[in-house]
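Given next, in structure tokens, is a single chain: the form predicted on its own.
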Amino acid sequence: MSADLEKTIDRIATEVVAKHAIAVDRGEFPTAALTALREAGLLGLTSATAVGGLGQGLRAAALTVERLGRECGSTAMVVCMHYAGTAVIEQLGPEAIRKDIAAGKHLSTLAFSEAGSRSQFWAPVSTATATTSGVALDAQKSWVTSAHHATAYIWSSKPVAAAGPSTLWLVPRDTPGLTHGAAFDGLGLRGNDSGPVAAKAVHLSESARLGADGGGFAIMMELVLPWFNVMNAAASLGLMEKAVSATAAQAAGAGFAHTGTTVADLPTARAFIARMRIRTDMLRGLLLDTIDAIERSRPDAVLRVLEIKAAAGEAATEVTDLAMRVSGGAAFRKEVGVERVFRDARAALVMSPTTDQLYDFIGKAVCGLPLF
């Protein structure tokens, strides 16, 4: 990624994303940030130059999400999901949609998780039934980021006729028969418009299918999982960077009037901040190594993809815990910026694939057992 592109991303993060972060944390969708990203061509960051995009890959997407995550976890997650959906459409979608994404006219997202299979996103229980003119979808999708704002969803279902656990579809948000539940009012990531989407006999043309019938599982594992895990970890890294900087600033500025010293003068506080810095730098190293493993098709690439999200979720939780501890009562004030990242960081632990699921997969991989 060029230095000019990095400067543009940094400017948007500083001037737009940070400005709206508290409002987004109250539940406002990050429209201003997405507008700025669209105007800068960054919604088409990973779209091919042949369709008008910037032609960047996973590394640039991760760095972008990480920089946004330093200012607002919800904004970072919306963009993470958009780039994950774009990766599928770039490989399997129609050229017209690819051009719309490159031009910033299409916001993508994933619709995998379901009430019936919970966080095991790779095993949909929703169906796609053949009709005389296409297929009919029936589903209860439980968590869809940008549910009310995405242009279309990358949607999973059981296959129509083929063997295999799943098939993928491109489903426009305004398709008749789709119903959208209220966005969740939760602990963290409160502005990413995550909520349920249901389908009742939703009609689609066969042309809406992405890849082969029954080929969804391979697409999820080989394309979506690497992109999502890496970018999700990048979002966690951004939250950690924010926690370190906010905690250090708070410690340096919080004084003891009776001694003329600050919290940063306490060896215990400095030790905690040092631990935060080390854990953040360690995660950055693992993230960059994971991207290198994917780009070079290293033999350990699959293991790294599994490791990076699990490591990021644990590290972000630890670092934001320490941020609250060092900052003390001030951490509970929203303007300090610590309690927001503390809440947002928790999502990575339970967002599919969950940390516990990843530990099981990693253990199987290390022991030479099949993952599924």
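Here the structure is a predicted model, which means the values were calculated and not measured. Sequential numbering from 1, following the sequence displayed.
The protein also exists as the form predicted in complex with a small molecule; that form is not presented, and the subsequent description refers to it.
Next on the checklist: Based on heavy atom distances of 4.5 Å or less, which listed stretch (249-257, 116-124, 290-298, 96-104) is in contact with the small molecule in the predicted complex?
Outcome noted: It is the stretch 116-124.
Checklist entry - Is there a heavy atom of residue 22 lying 4.5 Å or less from a heavy atom of the small molecule in the predicted complex? => result Because no heavy atom of residue 22 falls inside 4.5 Å of the small molecule in the predicted complex, the answer is no.
Next on the checklist: So, residue 167 and the small molecule: in the predicted complex, are they within 4.5 Å at any heavy atom pair?
Outcome noted: Looking in the predicted complex, residue contacts with the small molecule do not include residue 167, since no heavy atom lies within 4.5 Å.
Checklist entry - Heavy atoms within 4.5 Å of the small molecule in the predicted complex: does residue 143 have any? => result Judged by the heavy-atom cut-off of 4.5 Å, residue 143 is in contact with the small molecule in the predicted complex.
Next on the checklist: My question is simply whether residue 356 lines the interface with the small molecule in the predicted complex - judged by any non-hydrogen atom within 4.5 Å.
Outcome noted: Yes, residue 356 sits close enough to the small molecule in the predicted complex that at least one of its heavy atoms falls within 4.5 Å.
Checklist entry - Looking at 189, 283, 150, 199, which is the one with a non-hydrogen atom within 4.5 Å of the small molecule in the predicted complex? => result Result of the distance check: 189.
Item to check | Contacting member of 244, 219, 81, 230, with respect to the small molecule in the predicted complex [4.5 Å, heavy atom] | outcome: Of 244, 219, 81, 230, the residue with a heavy atom within 4.5 Å of the small molecule in the predicted complex is 81.
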